[in-house]
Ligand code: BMA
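Take a look at this single chain in structure tokens; it is the form predicted on its own.
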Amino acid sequence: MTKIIADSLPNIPWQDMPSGCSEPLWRYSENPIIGRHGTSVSNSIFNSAVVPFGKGFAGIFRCDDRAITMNLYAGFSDNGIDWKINDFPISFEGDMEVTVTEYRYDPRVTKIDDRYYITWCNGYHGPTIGVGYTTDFVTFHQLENAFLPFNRNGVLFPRKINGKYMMLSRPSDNGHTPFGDIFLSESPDLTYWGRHRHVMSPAAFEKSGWQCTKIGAGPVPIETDEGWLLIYHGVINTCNGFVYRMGAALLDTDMPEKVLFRSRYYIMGPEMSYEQNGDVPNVTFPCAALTDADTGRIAIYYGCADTVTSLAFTTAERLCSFIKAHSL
């Protein structure tokens, strides 16, 4: 049995696998859990990050308002399903050179020591990776941008590896990038990033077409006794535009640039109406995962059609077995 190396989370949001399910993930029956009008000013709420906090949960949410301004909002929940999201965006403290931004979107959150670190796509002369932290989800501090533009999908590992902070990212261009590989970078202090290493590229169409255009890291990697479990998104460019599906990989524990297994088949794709229809059709985009080490349960938060937020479930054993059985 694959074991998750993390804290127990007995109140993890959960719904048992439906009878007859043969898929590696299954959807929450009451999806979407957050509608597009989850705040008084929102046009859409999606691609957001959730972590355990206090006796419940806290989150950093991408809310595009009715001016279609992309920004980050804090929210709280007792059960991880029913959310109260602030009506006002997060105001970061820090150097005005980095806190004055063109946009903020697609956050991830990971707890390291006593801080909850946030990474997101930050508008600084084009998209790059913003980095900040909070201890209470009330006051937020912004650090230096991690990389030069253009870059997206910056995802921190939940602990130092070989004494260094580690981050996955996907270098890009200034538009709706029609390409993209995942890279790993390390830092001694969360300011200076280097020793960049290639992790993986889009797959050849004839081997795994759903991820042949671009790929990007999703939730914070999950540490297991078999390696780092990485849930990621893969994209194919079709006659109807980009289609975003989810995949998974296992990375080496001490050298996470080394891919041990990678799913040939996608683990979830846009099949439900709320995933196929919205501001950007045919998108399932994972940004957060909660885990319970005692049971091996995993709850995945994902954006649907760039409009709403939904939940899916699996276990570490089920997902890792699927990756190994259907690996590129």
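The first residue of the shown sequence is 1; numbering continues from there. Treat the numbers as computed from the prediction; the structure is a model and nothing was measured.
In what follows, reference is made to the form predicted in complex with ligand BMA, a form of this protein that is not presented.
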Legend entry - Triplet L25, L290 and D292 all within 4.5 Å of ligand BMA in the predicted complex via a heavy atom: no
Legend entry - Contact test in the predicted complex: K214 vs ligand BMA, heavy atoms, 4.5 Å: yes
Legend entry - 4.5 angstroms heavy atom contact with ligand BMA in the predicted complex for A49: no
Legend entry - is_contact(C63, ligand BMA) in the predicted complex, heavy atom dist at most 4.5 Å: no
Inset, instruction - Examine A58 and determine whether its closest non-hydrogen atom to ligand BMA in the predicted complex is within 4.5 angstroms. - result: no
Legend entry - Segment that reaches ligand BMA in the predicted complex - one of 275-283, 33-41, 261-269, 294-302, heavy atoms within 4.5 Å: 275-283
Inset, instruction - Check each of Y133, Y165, Y105, W210 and return the one that places a heavy atom within 4.5 angstroms of ligand BMA in the predicted complex. - result: Y105
Inset, instruction - Go through 236-259 residue by residue and record those having a heavy atom within 4.5 Å of ligand BMA in the predicted complex; state none if no residue qualifies. - result: Y244
